[in-house]
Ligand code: EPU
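Read the single chain below, which is given as structure tokens and is the form predicted on its own.
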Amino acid sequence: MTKFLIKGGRALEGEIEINGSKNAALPVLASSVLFKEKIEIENLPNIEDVKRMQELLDKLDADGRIDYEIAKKFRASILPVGAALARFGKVAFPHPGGCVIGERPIDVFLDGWKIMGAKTKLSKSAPADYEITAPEGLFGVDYTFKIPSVTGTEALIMTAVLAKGTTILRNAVLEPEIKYLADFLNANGAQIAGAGTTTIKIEGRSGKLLNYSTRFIVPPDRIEAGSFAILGALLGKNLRIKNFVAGELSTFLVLLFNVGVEYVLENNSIIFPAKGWSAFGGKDAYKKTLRASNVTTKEFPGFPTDLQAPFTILLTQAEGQSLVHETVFEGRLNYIQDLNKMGSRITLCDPHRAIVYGPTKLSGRALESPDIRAGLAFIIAGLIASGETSIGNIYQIERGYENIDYRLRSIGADIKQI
């Protein structure tokens, strides 16, 4: 089995660039089902989830069957389902796989498709868990999400593009990725208004496919940007992180400032000073006390749930008691028991809340990556820990971060694959 082997204690300096966004690329890839011909995408991240989506779409044909084995590997496999249903009038697919971070039901999707005129049958055997048909086509509706959902909003937008009549989606999420998708589809013939607000209106095309004319340029990944900024806060020594879109991380940046991290925003970059705080001290660092801070995850523009685990690593080095409140996924704090084995002092109050006592010195251990974001958090923990840390199940990390070991070595990290 391939693992990451990390030796902590080295300062990070130089420049590192943020890659294309996983969460923006995947829905646009899925939207290719809505087009007559192939679409072009630039700055596509070379990550496992993107590869799986490409494989999934390559195998999708007019029978509307989503490949069972591929779909079970990642959550975003549900994104092409609505578009396939609207285009082919039928679709069969398994319950999507992906990170185990709590209950991830798909009723928000099924309810939307049912209201639009689809009929759902639950299959009791592979290769499909769900079989959905729309014998009379899909119709525009006024639909309110009972719980805000990013993938739900994206999937129903794509479904509505080929439906008959007008669809209004209420209580939609505000994430930037929704607007990126809508802007791309609009540039190629769709009529979507209100993306980036809680109410989105889509004028359906009654089955008429889109004509490709404008390519999609994948924007920088805001979650990768925030994760690298946390590394800069802990180990940066004149470190510049490029392609940093500060406007998409405003809440994160406020909390970074509240903790006591010094940084400079300049020309789409975030810079950590030449003599910043370091978990290890030494001649190139001065002793600066980081302050405890409470963190509550929320949908955009709140603090991203995907940055909760990396930010918790930062809080282990802060003076005092911090409360981490995870409001999005009830299983997203499961990594904490492994972090405590490294020396952190974190009390798990319930599935949604944890108290972090700091500062604590971390020591290297053998860990297994439980999901994409906690896996990256373990890398950060290993880079500030004394001794050696090994991280297994790195496929989970590579689902979301391209060549992470090579890129971190380029700024001075001691990390390699074995």
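Quick note: we count residues from 1 along the sequence shown, nothing fancier. All values reported here derive from a predicted model rather than from experimental measurement.
The following text describes the form predicted together with the ligand, which does not appear among the structures shown.
Asks: Which of 241-249, 145-153, 187-195, 257-265 has heavy atoms within 4.5 Å of the ligand in the predicted complex?
Replies: Looking at the partner contacts, the answer comes out as 145-153.
Asks: Is there a heavy atom of Asn19 no more than 4.5 Å from a heavy atom of the ligand in the predicted complex?
Replies: Asn19: no contact with the ligand in the predicted complex.
Asks: Although the partner isn't part of this model, could you tell me whether Val324 comes within 4.5 Å of the ligand in the predicted complex, counting any heavy atom of the residue?
Replies: Flag for Val324 set to no.
Asks: Residue-level contact is defined here as any heavy atom of the residue lying within 4.5 Å of the ligand in the predicted complex; does Ile336 satisfy this criterion?
Replies: Outside the cut-off, so no.
Asks: Find out whether any non-hydrogen atom of Leu210 is located within 4.5 angstroms of the ligand in the predicted complex, and reply yes or no.
Replies: No, Leu210 is distant from the partner.
Asks: Only one of Tyr180, Phe139, Phe109, Tyr130 gets a heavy atom within 4.5 Å of the ligand in the predicted complex. Which one?
Replies: Checked against the cut-off, the match is Phe109.
Asks: Pick from Leu34, Ile372, Ile379, Leu367: which has a non-hydrogen atom within 4.5 Å of the ligand in the predicted complex?
Replies: Selected option: Ile372.
Asks: Are all three of Asn23, Thr305 and Arg332 close to the ligand in the predicted complex, meaning a heavy atom of each within 4.5 Å?
Replies: Every residue of the spot touches the ligand in the predicted complex.
Asks: Counting only non-hydrogen atoms and a 4.5 Å cut-off, give the residues of 160-183 close to the ligand in the predicted complex.
Replies: Read in sequence order, the lone residue that approaches the ligand (within 4.5 Å, in the predicted complex) is Glu175.
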